[in-house]
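One chain is shown next in structure tokens, namely the form predicted alone.
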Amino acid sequence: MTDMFHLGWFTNFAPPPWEGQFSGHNGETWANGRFYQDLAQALERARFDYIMLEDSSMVSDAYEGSSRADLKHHLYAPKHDPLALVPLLAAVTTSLGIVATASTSFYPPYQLARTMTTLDHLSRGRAGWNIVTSSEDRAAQNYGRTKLQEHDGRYDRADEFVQVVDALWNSWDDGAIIQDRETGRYVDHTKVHTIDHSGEYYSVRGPLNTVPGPQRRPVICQAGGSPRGKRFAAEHADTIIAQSRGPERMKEFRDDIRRLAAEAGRDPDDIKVLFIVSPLVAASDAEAQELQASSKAQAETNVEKALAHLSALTEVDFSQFDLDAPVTQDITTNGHRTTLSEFLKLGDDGRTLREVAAGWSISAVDLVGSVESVADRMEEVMGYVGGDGFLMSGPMTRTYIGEIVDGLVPELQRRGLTRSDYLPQGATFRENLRSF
């Protein structure tokens, strides 16, 4: 029997689909955050563990040497700061974890530690930090640099970054707040310490000037897929975003993370690996397959969008390659190496670049059918992989969100595969995440 698994939702603070017949005014009103508040409430109703807000800080011109495709398809812009969205989502929920992205390549450690502690208070212990090292020179140029550090070197820098923020989060001892009315002392100064960090990349005195948050250390999320990235994730993360394709590679990835965690002296069960999926559900298997076939028939229109997206992630201009030639395998990047590798592997069977781009998806497994059939497949895959859950990443329409949270998830709950409730109110994000 398959154990219970976790659910998350992968998105960003950017325009949801706005062109369709039933999109309403989402294209004009998304930036006020209310669409995302509705999403957060729906996810909490379905007892999702968390919502993960991806981010980047550039307008990409990697494809064709122009920002045309990026802005036409709103791939990397417009995109608003997810850290500022966290309090709005926290205000309308009580138990959902809220993970926001911030880059170790651009944030000062002190600012990040202070901001995340503040968000942990405002969310009543439900804040999470998605650690990224960033992957685009165009983003670096918005922060006064010509180019990013080499791929593995960015993780070396991130290791020290985490060391600093951990020290800052622990620079106040338990019991430092005394609020002694008789003596007029609010804080016991003997329980607040400098960290006096002096390393290769950072020099930080400390202490943090914020009161420790309910979790002290917010939940850490990471998506490292390269050998160096996996080691970093296994050493630091509470939950990992994975995009390995197919059950065998999913299992291999999770087993590797658990091995690396044990080598780092951690309990592998403390790390929840969630695999990205985009379920397509309908009233029947036949109807779902018809919808999938219709989507594939229109996939040609997605070729430019897919290649512009991949170009932005890798800073390799995919417009230079022949669409009707086999996918070339001799491409390297200082950016998203795992995403590039996964894409290139799709061309191992000799398909052309056009064919691969038309059907490109970061979904770990195909989930197409009725809610019963999709639930069957999720149960089967998770039983084989061993855990720990799925991260939904489908079209951000109210219709699709409803199909998942009010259609698919109740079937998973009926089978005892996903949680039907959170821990009692007041439990932190980490406590809910580690409850099974």
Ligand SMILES: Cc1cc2nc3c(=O)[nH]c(=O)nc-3n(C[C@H](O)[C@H](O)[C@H](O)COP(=O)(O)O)c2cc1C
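Position 1 is the first residue in the sequence shown; the rest follow in order. Not measured: the values here are computed from a predicted model.
Quick note: we don't show the form predicted together with the ligand, though the next part is all about it.
### Task
Give a yes/no on whether R337 approaches the ligand to within 4.5 Å in the predicted bound form, heavy atoms considered.
It does: once the ligand is placed as it appears in the predicted bound form, R337 has a heavy atom within 4.5 Å of it.
### Message
N130 versus the ligand, in the predicted bound form: is there a non-hydrogen atom within 4.5 Å?
### Response
Yes, N130 lies within 4.5 Å of the ligand in the predicted bound form.
### Query
For F318, is any heavy atom within 4.5 Å of the ligand in the predicted bound form, or not?
No.
### Query
Is the gap between W172 and the ligand in the predicted bound form 4.5 Å or less for some heavy atom pair?
W172: no contact with the ligand in the predicted bound form.
### Message
Between M52, A62, V385, L43, only one gets a heavy atom within 4.5 angstroms of the ligand in the predicted bound form; which residue is that?
### Response
Of the listed residues, the single hit is M52.
### Query
Tell me, which of T104, S278, T101, S311 has a heavy atom within 4.5 angstroms of the ligand in the predicted bound form?
If I apply the 4.5 Å criterion carefully, the residue I get is T101.
### Message
Is it the case in the predicted bound form that Y36, G125 and R217 each bring at least one heavy atom within 4.5 Å of the ligand?
### Response
Verified in the predicted bound form; spot residues all out of contact, no.
### Query
Residues in which of 347-355, 177-185, 286-294, 131-139 have heavy atoms within 4.5 Å of the ligand in the predicted bound form?
Of the options, only 131-139 has residues within 4.5 Å of the partner.
### Within 214-252, the residues that have a heavy atom no more than 4.5 Å from the ligand in the predicted bound form
The stretch touches the partner through A223, G224, G225, S226, G229, I241, Q243.
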